[in-house]
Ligand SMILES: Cc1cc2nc3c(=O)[nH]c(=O)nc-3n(C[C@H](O)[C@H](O)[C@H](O)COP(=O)(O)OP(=O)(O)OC[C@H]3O[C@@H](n4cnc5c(N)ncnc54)[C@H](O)[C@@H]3O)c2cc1C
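Quick setup: one chain, the form predicted on its own, written in structure tokens, and binding and motion questions come after.
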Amino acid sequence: MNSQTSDTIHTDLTIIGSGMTGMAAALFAVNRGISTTLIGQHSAMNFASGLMDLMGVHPSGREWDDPWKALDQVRKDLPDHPLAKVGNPDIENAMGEILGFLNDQALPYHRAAHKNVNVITSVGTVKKTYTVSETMWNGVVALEKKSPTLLVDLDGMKLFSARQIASSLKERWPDLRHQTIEFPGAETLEELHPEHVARSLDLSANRVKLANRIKPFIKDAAYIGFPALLGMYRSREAVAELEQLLERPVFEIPTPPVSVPGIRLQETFISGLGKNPLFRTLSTMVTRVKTGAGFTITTGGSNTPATIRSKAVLLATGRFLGKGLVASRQGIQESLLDLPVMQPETREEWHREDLFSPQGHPVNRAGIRTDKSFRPLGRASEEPVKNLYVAGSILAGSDWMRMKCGSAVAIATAFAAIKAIEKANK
């Protein structure tokens, strides 16, 4: 149910933040019979690659093929890491619930049994991840087999070069060729935007035109790779038709933002959750959260103001990009509730001298400290606020980008927080 009025909304749970953490938490909540209001005006999901990492690197630059063993090591070495507070069975259940939902919404993901897989990136590196969208899976297979493969890019598209990918991977994957194609209809455009290409390829006629331009270059290629733009709302259909037209398995390669797979994820969550009567979303910003007998949340911005009375609140506002954390010369602050932030004592300690230090930079582990139930820890003399929870990248200790665990932090901590909310309100 998607609505927004000036009347007071009564709900069991309010989630502040509409990124992956907020969406996952909303799904876990409504699946457990908890009425949920999700508030978020902007989301970083259009920056998401479409890959879902579990744990790929830990602790000193070592890559792990087995993410579950990596998680066990995290609990020994980094007890303040958010995933150290969640057991492997809960993490596996959380990921399974998300992937089951996406499959039901016709956006399926594939994974290998109990191991990470290798995926090529837009800059020609190889990344370990846990699960990839179905439209990318043939790329995992082609890389593993080192099969003869043609990579296609589009003339006029920025930040994605098939030539660069092939050149960077030539020693690891010798039978990799590249070809630039003029996208059908691009002749009339000043610039080729990812969203325009994706929406165009929702139409069969444009897929046929694209396939006809590629056919002369296929030769001995056993697979064909594209930037991840093969349809916005009909990606499975687009891939299937291109495979039929080209008579080869096709796969997508993650692109820099704006990321079409990220947009697909966000819109799939909103559409799928919107079918549940326990779910409501408000595309606005929170201006105030007042505690007392429950919470009173006031929203504002350019949209119609709303007041929400909620039994519990889950903060899923993200880090600096999502503006959950704000940096200044005085330090790092949590932007909505002024929760204490774990951070280096001085700005000089935020970064190491080596930009590529395998230990990472201390500022990337700044965030909100919580107890095992993901309730934020107050200052020394304060008790945690009842029924207030925090999840996702705003949590202290994760350094999720370096450790390749961003999706796991978002999904697993949301799962654990919802379990705690369910238990506390029984």
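Just count from 1 along the sequence shown to find any residue number. Bear in mind the structure is a predicted one, so any value in this text is a computation, not a measurement.
Although not depicted, the form predicted in complex with this ligand is the subject of the following passage.
Inset, instruction - With heavy atoms only and a cut-off of 4.5 Å, decide whether residue 321 touches this ligand in the predicted bound form. - result: Close contact exists here: in the predicted bound form, residue 321 approaches this ligand to within 4.5 Å, heavy atoms only.
Inset, instruction - Report whether the minimum heavy atom distance between residue 284 and this ligand in the predicted bound form is within 4.5 Å. - result: Contact with this ligand, yes.
Inset, instruction - Classify residue 29 as contacting or not contacting this ligand in the predicted bound form by the rule of any non-hydrogen atom within 4.5 angstroms, answering yes or no. - result: Looking in the predicted bound form, residue contacts with this ligand do not include residue 29, since no heavy atom lies within 4.5 Å.
Inset, instruction - Using a 4.5 Å heavy atom cut-off, state whether residue 178 contacts this ligand in the predicted bound form. - result: Residue-level check for residue 178: no, no contact with this ligand.
Legend entry - Segment that reaches this ligand in the predicted bound form - one of 29-37, 368-376, 64-72, 390-398, heavy atoms within 4.5 Å: Going by heavy atoms within 4.5 Å, the stretch is 390-398.
Legend entry - Those residues of 11-33 which, in the predicted bound form, come within 4.5 Å of this ligand by heavy atom: The stretch 11-33, when checked against this ligand in the predicted bound form, contributes 16, 17, 18, 19, 20, 21, 22 at the 4.5 Å heavy-atom cut-off.
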